[in-house]
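Quick heads-up: it's one chain on its own, the form predicted on its own, in structure tokens.
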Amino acid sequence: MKDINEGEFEAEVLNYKGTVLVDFNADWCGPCRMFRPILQAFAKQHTDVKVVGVNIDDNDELAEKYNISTIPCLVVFKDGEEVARKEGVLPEKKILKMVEG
């Protein structure tokens, strides 16, 4: 799982051919910190899905552009298009279901 910033978002997410799971989070967010190991395990088990993190405090314009009002917030992009979104901590099975659409 890689952390990216606004400058990398276009190349890493929007121009990526395939599925990208974006975790919008913040360092001060307890649930976000609790969720991170779940996402890291998911990324290791599902190598066909690119998993990236975006810190909303460091990338506030990106958070605003994608209307992120609650964190953690997972957004699934397929070939650069948003196809799914869920807020809160999710078990790995629900993440997989969300990614598979």
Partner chain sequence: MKYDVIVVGAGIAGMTAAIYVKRAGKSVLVLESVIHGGQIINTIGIENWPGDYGVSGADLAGKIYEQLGKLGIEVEYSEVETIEKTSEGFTVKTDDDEYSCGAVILAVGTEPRRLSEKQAADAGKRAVSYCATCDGALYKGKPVVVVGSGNTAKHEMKYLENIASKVYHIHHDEPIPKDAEAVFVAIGRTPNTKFVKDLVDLNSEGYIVAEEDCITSCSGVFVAGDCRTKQVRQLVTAAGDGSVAAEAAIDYLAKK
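Positions refer to the first chain, counted from 1. All of these numbers come straight from a predicted model, not from anything done at the bench.
Below, we refer to the form predicted in complex with its partner chain, which is not included among the displayed structures.
Every member of the trio P31, T70 and V89 reaches its partner chain in the predicted complex with some non-hydrogen atom inside 4.5 Å. Residue contact with its partner chain in the predicted complex: I38 places a heavy atom within 4.5 Å of it. When its partner chain is considered in the predicted complex, K93 lines it closely, a heavy atom lying within 4.5 Å.
Although the partner is absent here, V54 is not a contact residue: none of its heavy atoms lies within 4.5 angstroms of its partner chain in the predicted complex.
Residues from 2-16 do not approach its partner chain in the predicted complex: none has a non-hydrogen atom within 4.5 Å of it.
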